[in-house]
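For reference, the chain that follows is the form predicted on its own, supplied as structure tokens.
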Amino acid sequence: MAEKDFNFKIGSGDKVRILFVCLGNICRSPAAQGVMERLVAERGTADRFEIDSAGLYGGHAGDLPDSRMRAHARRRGLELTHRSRQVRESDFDRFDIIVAMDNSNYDGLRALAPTPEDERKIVKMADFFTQHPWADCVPDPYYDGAQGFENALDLIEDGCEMLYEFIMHNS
């Protein structure tokens, strides 16, 4: 990844708090939460992170991730058990970094940000792609069949790896 100049500040507290956001919080963002939780556990740094996910749309609140995403994630050793929830204004106070899965999510989050400081916490997952530099987002796999879920997971794994490296290098 080329050095990017991000405006967010990594928390000075005991943990780095990351929120992954997609539209409904049933496919991409819970998968990103699961990937990042596994990554920090494997690296022995889980105690330094708080990781969550949410959606801009609240219609799936309380639901488990989409069964197809859970099945594809399970093949990669991930159990996605997060219950969907909608982004809240308080999330901007609670999290250091808010990661949007696509450009529409990014724009929606920016519109919700209560302050300019909060808006600076929002980044795109695509900003962290190294293996897929041509991709500009994690596309919503909901209507794309099996390959859509595999593609989303490939992109999420790529982005989470570099996000982790960026955080560890800058905290």
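So that there is no doubt, residue numbering starts at 1 and follows the sequence shown. Note that this is a predicted model, so its numbers are computed, not measured.
The same protein has a further form, the form predicted in complex with a small molecule, not shown here; the description that follows concerns it.
Participant: What stretch, of 24-32, 39-47, 110-118, 127-135, brings heavy atoms to within 4.5 Å of the small molecule in the predicted bound form?
Facilitator: Correct option: 24-32.
Participant: Is there a heavy atom of Tyr106 no more than 4.5 Å from a heavy atom of the small molecule in the predicted bound form?
Facilitator: Residue-level check for Tyr106: no, no contact with the small molecule.
Participant: Just checking whether His60 would be counted as a contact of the small molecule in the predicted bound form - the rule being heavy atoms within 4.5 angstroms.
Facilitator: Taking the distances in the predicted bound form, the answer for His60 is yes, it comes within 4.5 Å of the small molecule.
Participant: Indicate whether the small molecule has at least one heavy atom within 4.5 Å of a heavy atom of Asp52 in the predicted bound form.
Facilitator: Because no heavy atom of Asp52 falls inside 4.5 Å of the small molecule in the predicted bound form, the answer is no.
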